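Encoded as structure tokens, the following chain is the form predicted on its own, with no partner shown.
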């Protein structure tokens, strides 16, 4: 076979793999975005966008947490800190420069990613409960800082007025819905790319046996720092539009315990070893919370999340994906 024929023969499988790995997910995500807008428009009420925003926010947060907590097995309790960094970056921007929201989301991601890298460099040599406690302490320290920073309102909080929405979106809730939906798609694509790359394979070896991974030459610290930086950046980006969603920011809302608990519960319930698990958990629990909050009370929605989390940890620790996989492997029609 000539050199040209060999290059053509090897290029075709690469193109097919590239199409399956990137073009197909992008086309699917574009179809999902269009379908979601069509469904929300069919209700002809603004509340459909307001109620859908937290669901997609949890998709971003759960996916971001899973990059470190699911792929690498390092449980991060500092979710509220990175989320609040994005929230208060938007508050500072509102009080000073007033940059457009998309640019503000990018700035929040950069700041939260840098902080995530720094926190990881200081804490990733710890393991297990020690690492979890260190991340929780980081969130408490940052909460104390914002509680005493008078420029952003300190403990009393600050009001944030929404600017005019872009012409294409019409109203600001619709604009926020579109922004968060785009962030959710971006976070899922990043998580999927990480899972099927050398980074994901390295993080999986760390989760299984970190000592064996180090002995095999896996750069464990570098991989964990990449995961911490990506996770922190996505959480910060999820927090940036939140200031314009609630229009009044104080430490209690930015460092909400409910947000932190839900972010951990959703990947656990959906399944932590794959990118699709946090998406399933976030969509199911987020929708359940919104329906329960509207029909009964917000306190009951928090209780339901707690009950589901305890149930899955006790009975199905691998989440919904693990249950589905076990049932599929035991399907009677596939047995010889």
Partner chain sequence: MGEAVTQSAPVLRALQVTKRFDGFVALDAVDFSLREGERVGLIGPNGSGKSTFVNSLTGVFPIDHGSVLFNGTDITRLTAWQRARLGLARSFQLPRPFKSQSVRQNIEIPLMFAVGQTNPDRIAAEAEAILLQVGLGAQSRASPKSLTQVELRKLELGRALAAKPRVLFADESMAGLSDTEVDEVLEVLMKLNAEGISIVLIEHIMRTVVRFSERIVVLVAGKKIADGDPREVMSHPEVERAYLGQ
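Numbering follows the first chain given and starts at 1. Given the structure is predicted, the values throughout are model-derived calculations rather than measurements.
There is another form of the same protein, the form predicted together with the partner chain; it is not shown, and what comes next is about it.
Interface residue remark: residue 253 is not counted as part of the site for the partner chain in the predicted complex, having no heavy atom within 4.5 Å. Residue 202 belongs to the set of residues with a heavy atom inside 4.5 Å of the partner chain in the predicted complex. In the predicted complex, the partner chain stays beyond 4.5 Å of every heavy atom belonging to residue 103. Contact between residue 159 and the partner chain in the predicted complex is not found at the 4.5 Å heavy atom cutoff. Between the options 151, 198, 248, 168, the residue in contact with the partner chain in the predicted complex by a heavy atom within 4.5 angstroms is 198.
When the partner chain is considered in the predicted complex, only one residue from 114, 225, 213, 92 comes within 4.5 Å through any heavy atom, namely 213. Screening 231-239, 186-194, 106-114, 202-210 for residues having heavy atoms within 4.5 Å of the partner chain in the predicted complex returns a single hit, 202-210.
Contacts to the partner chain in the predicted complex (heavy atom within 4.5 Å) from stretch 174-192: none.
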